[in-house]
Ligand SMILES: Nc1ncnc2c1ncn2[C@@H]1O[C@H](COP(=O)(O)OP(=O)(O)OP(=O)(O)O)[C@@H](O)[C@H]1O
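Next comes just one chain, in C-alpha cells: the form predicted on its own.
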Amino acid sequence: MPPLIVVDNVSRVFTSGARIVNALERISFEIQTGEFISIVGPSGCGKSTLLKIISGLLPASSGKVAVNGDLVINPLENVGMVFQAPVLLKWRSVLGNILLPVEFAKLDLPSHVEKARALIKLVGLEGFEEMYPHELSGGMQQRTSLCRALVTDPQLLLMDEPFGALDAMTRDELDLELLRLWEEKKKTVIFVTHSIQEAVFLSDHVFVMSARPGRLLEMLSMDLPRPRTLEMMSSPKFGEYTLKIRGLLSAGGGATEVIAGSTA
C-alpha cells in the first residue's frame, strides 16, 4: 500500500531583515494510513513548522510533501487540526464551536449536527452542548476542540501539543480518550509533544528531532501492545523507549528532560 504522507527532503528557512533562521533541514519520512505518529524534540526545533508544512499552511523552502500522492501546494481540505490552546469562540456554545468547520465548508448542516452530537457523547460532553467556553474546564474545552477537528470526518488529524497546558491527571485522561477515538475512527494522527512519556504511550512510531535546525535523528517503532493502559508506563520496555529517546535528544542538542508546554 502506498504511503498516505511523503515528506521528501523538506527544509524551511525564515528571514527577518538581515537575520536568517534555518528552522528545518532535509526532513524525509513516510507515514502509512491509520498510523499514530508522535514528533518530539527540543523547543524551537521546528516541530510546529513541520506540521504547518504538511497541512499546506506554510510552504517548504525546498523539498516537497505529498498526501494521497498529490503534492501539497495549498492548505489541505481533508485535515483536522488541534492546537495547544482550544481556540474556541467565546460567544458560541460547545455545539456551535464544533460545527464551525461545517459552516465554513458549506457542508450539509443537519447531517453534521447528528455527527457532532455523536462525537460529544463519545468524548463525555453529553449534556454540555449548550454551554459556553467560559463555563467549561480546560479539559472540556480541549474535548470540544477535538470534536471540532473530527466533525467533518477528516482523513488526517494534526495535533500540536494539544494537552500540554493541562494538569497531569487531565492529560492522562485525554490521552486515553484520544487513543479510544483513534482506535474507533482509524484516523492517521501526527501528534507534536514535548513529553517523551506521552509520545511513547500514544504512538506506533516516534520521530525524534534535533535542536535547530531541526533534523530527523531517528524514527523509533513502539513495540507495545494495544490497547494501551496507564499501567504500561511502569513496564521495563516502556522505560527502555523513554531512555532511548532521552538519549537521542541529549546527543542531538536537546535537553535531557523535555518540558511540556514549551514553545515548538
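Since the model is a prediction, treat every value here as computed from it, not as a measurement. Just count from 1 along the sequence shown to find any residue number.
A second form of this protein, the form predicted in complex with the named molecule, is not displayed here; the remarks below concern that form.
Using the spot the named molecule takes in the model of the complex, and overlaying the site C-alphas onto this chain, is the pocket open or blocked (blocked: 3 or more ligand atoms within 2.4 Å of backbone or C-beta atoms)? Placed partner shows the pocket blocked.
Can you tell me which of 199-207, 39-47, 61-69, 225-233 lies within 4.5 Å of the named molecule in the model of the complex, counting heavy atoms only? Selected stretch: 39-47.
Contact of Val21 with the named molecule in the model of the complex (heavy atom, 4.5 Å): Looking in the model of the complex, residue contacts with the named molecule include Val21, since a heavy atom lies within 4.5 Å.
Within a 4.5 Å heavy atom cut-off, is His112 in contact with the named molecule in the model of the complex? Taking the distances in the model of the complex, the answer for His112 is no, it never comes within 4.5 Å of the named molecule.
So, Arg215 and the named molecule: in the model of the complex, are they within 4.5 Å at any heavy atom pair? Flag for Arg215 set to no.
Partner contact for Arg171 in the model of the complex: the named molecule, 4.5 angstroms, heavy atom: Judged by the heavy-atom cut-off of 4.5 Å, Arg171 is well away from the named molecule in the model of the complex.
Counting heavy atoms only and using a 4.5 Å cut-off, do Phe14, Glu161 and His194 all touch the named molecule in the model of the complex? Yes, the whole trio is in contact, each within 4.5 Å by some heavy atom.
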